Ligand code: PMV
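So this first bit is one chain, no partners, the form predicted on its own, shown in structure tokens.
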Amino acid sequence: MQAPAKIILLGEHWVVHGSKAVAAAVGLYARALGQKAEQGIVVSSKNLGIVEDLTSCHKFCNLWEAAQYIAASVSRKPWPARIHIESDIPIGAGMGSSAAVAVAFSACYAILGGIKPSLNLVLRAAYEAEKIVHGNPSGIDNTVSTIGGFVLYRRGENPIRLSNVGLKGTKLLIIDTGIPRSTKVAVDIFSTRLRALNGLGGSLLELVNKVVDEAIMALKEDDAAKLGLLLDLSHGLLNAMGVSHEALETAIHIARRSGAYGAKLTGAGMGGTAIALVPSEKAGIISSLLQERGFRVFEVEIGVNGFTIQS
């Protein structure tokens, strides 16, 4: 089983205050390989170097929640299994690594119990896991990892997978600054500035909604140049709201002046990661220039499928 990472394309921070956001599944994956067992639900993680039985969990209690949800969905007790997990997704970079692991695990565990891993079952089981990790998650991470593609999200509404959208001849560079960031601190700074703007803050929220609408139109029209311009605009607003960082600005300017269609921070900001939408033929050189400045860069497809079942 494999499940993709996610990035927020447009709308982060603003979405907390009621505006729209667009997220996308990208080609970095968490994978779960399982087999039936006689006893216990033993999970091993290559990345973390941990082996643990979920029935007495310490590290993977989120996955225990997912297993219990799946078993309860068919009125059974959790069944024994051995599941090995690997992931290409950087941890703590705002790319939904824990959600992707939960999605891959949930699909794998369901199959080992003889249950068809429907989209809804996997999505709900992964959400139960995410509640252990994040307390009160939005649900966007596990949704994007489960259903894939491009997803329109607004708080309090069901996420919508966008149809007939995509970009040909492009790659997405995910640029890891290596700067640790606190989502809570970033949200607090953004929210304080938004409140200080009073009525203008409401106007900015409406502007962001229009930017998201224009971005969806650009995706439908396969217009990478227009989408790149909207990414630049989105970043400018986020920078003005106090959630950028010197390292993010450096990475973004390198990408732009080297031929990217557009670039912006993604996620909480104040460190973490940036994204750059680039022509496929320029991805290698732009990636190299960024790596020369000390950034870790992932060159990925954008809008990939959600979880897939593999032999």
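None of the values given here were measured: they were computed from a predicted structure. Note that residue numbering follows the sequence shown and begins at 1.
What follows is about the form predicted in complex with the ligand, which we do not show.
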Have a look at 47-55, 245-253, 23-31, 260-268 and name the one stretch with heavy atoms inside 4.5 Å of the ligand in the predicted complex. 260-268
Although the ligand is absent from this view, report whether Val187 comes within 4.5 Å of it in the predicted complex, heavy atoms only. yes
Is Val297 one of the residues lying within 4.5 Å of the ligand in the predicted complex, judged by heavy atom distances? no
Just to confirm, Val16 within 4.5 Å of the ligand in the predicted complex by heavy atoms? yes
Even though the ligand is not shown here, does Gly148 get within 4.5 Å of it in the predicted complex, heavy atoms only? no
Taking 4.5 Å between heavy atoms as the contact cutoff, choose which of Asn239, Thr183, Asn209, Ser191 touches the ligand in the predicted complex. Thr183
Stretch 245-259 - residues with a heavy atom within 4.5 Å of the ligand in the predicted complex: none
